[in-house]
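Starting off, we have a lone chain in the form predicted alone, written out as structure tokens.
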Amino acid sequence: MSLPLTALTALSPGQAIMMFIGGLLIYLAIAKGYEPVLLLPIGFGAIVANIPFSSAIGEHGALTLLFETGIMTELFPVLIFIGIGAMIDFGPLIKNPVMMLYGAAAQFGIFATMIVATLFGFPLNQAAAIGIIGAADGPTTIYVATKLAPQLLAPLSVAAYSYMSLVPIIQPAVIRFLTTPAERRIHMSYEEGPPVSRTARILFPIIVTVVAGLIAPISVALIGLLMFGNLIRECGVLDRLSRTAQQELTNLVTLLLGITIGATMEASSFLRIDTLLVLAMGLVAFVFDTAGGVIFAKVLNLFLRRKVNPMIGAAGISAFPMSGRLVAKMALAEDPTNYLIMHSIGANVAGQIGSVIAGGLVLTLVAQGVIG
């Protein structure tokens, strides 16, 4: 047992730096509103983990126990996916399934970053886990990291959620670099058409689960519970459970997930050159994913009579609904009469599915040695 003030005298420079970083994350969450539901508990967890002799971590520490039972077992990520599924309206995607193409194209950064990371000396399993950051999907990043690179879980998680919170800064810069003002002003007509039937809404999550599971069985834990949450939403007979999944379940698990991830940010394992490289590669992945979607839309325009606004491609990442709303706001800023919200949200929803399937494919290919 440590004596009073022993922790103060035992505080290392590295631990002091990590406590400062934790405080910085809390500041960004509160003062700037950057993903506060996650950055605040992550920041506080980092402070708790770097207090010398902290009873919160270690063999009998409560946060270590949560880490072993909630994250290493992948329990927290899959529970969060139930809540995410209950929040998502797949109606725009069902009406316009071509949006799935944008959700697939915007996963380009995952595979491009894998190549870049291997060039920097990361083994394939770690490179694959780093690439998943580009999907802008925190739970998928954690799920893949626990299987392929558990030693990098802390920086991968922090990078994933930090870059998600910076969507309003990163994505506009990439979009403007790759598009002209004329392209950003392209109007896309939207025909309301008949509403999506209840039957279609119920069948959609079931069919997606089966199809995705047959393509990448290892993704079923994520895509299956994402679609289960959506089925709860759409079935019409579980409204109370749907509200609970969207609110109480998601809020509680996100809170525990955040502070547990933060508690893995110990100075001895976090203040390393490879950690800084992981953070840098995460940004590369995010930029590549955004660029991949935009470039895909621009290439399509070479063959389409009715042009699409290439910004729609950027909404194909999994940062839902932030990216979809961002693209719609950018379109209105360029032309106040250009309403892209239904198209951008459709692409954003497709990205949610695409990121999970991409994560499952990466796990399957790497684990089975198909690549590498």
Partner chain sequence: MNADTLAAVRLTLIALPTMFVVIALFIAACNLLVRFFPEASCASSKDNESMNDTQSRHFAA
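Numbering follows the first chain given and starts at 1. Worth saying up front: this structure is predicted, and the values here are computed from it rather than measured.
The form predicted in complex with the partner chain exists for this protein as well; it is not shown, and the discussion that follows is about that form.
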(message) the partner chain is absent from this chain, but in the model of the complex, do Gly70, Leu255 and Thr337 each have a non-hydrogen atom within 4.5 Å of it?
(response) no
(request) Go through 300-308, 322-330, 33-41, 54-62 and give me the stretch that gets within 4.5 Å of the partner chain in the model of the complex, heavy atoms only. (result) 322-330
(message) in the model of the complex, is there a heavy atom of the partner chain that lies within 4.5 Å of any heavy atom of Arg198, even though the partner is absent here?
(response) yes
(request) Would you please decide whether Ala358 lies within 4.5 angstroms of the partner chain in the model of the complex, comparing each non-hydrogen atom pair? (result) yes
(message) How about Met18 - does it come within 4.5 Å of the partner chain in the model of the complex, if we only consider non-hydrogen atoms?
(response) no
(message) Taking any heavy atom pair closer than or equal to 4.5 Å as contact, tell me whether Ile169 reaches the partner chain in the model of the complex.
(response) no
(message) Please identify the residue among Ala173, Val211, Ala182, Ile273 with any heavy atom within 4.5 Å of the partner chain in the model of the complex.
(response) Val211
(message) Going by heavy atom distances of 4.5 angstroms or less, which of Leu203, Ile295, Leu75, Leu277 would be at the interface with the partner chain in the model of the complex?
(response) Leu203
(message) Could you pull out the residues of 228-248 that have any heavy atom within 4.5 Å of the partner chain in the model of the complex?
(response) Arg233, Glu234, Asp239, Gln246, Gln247
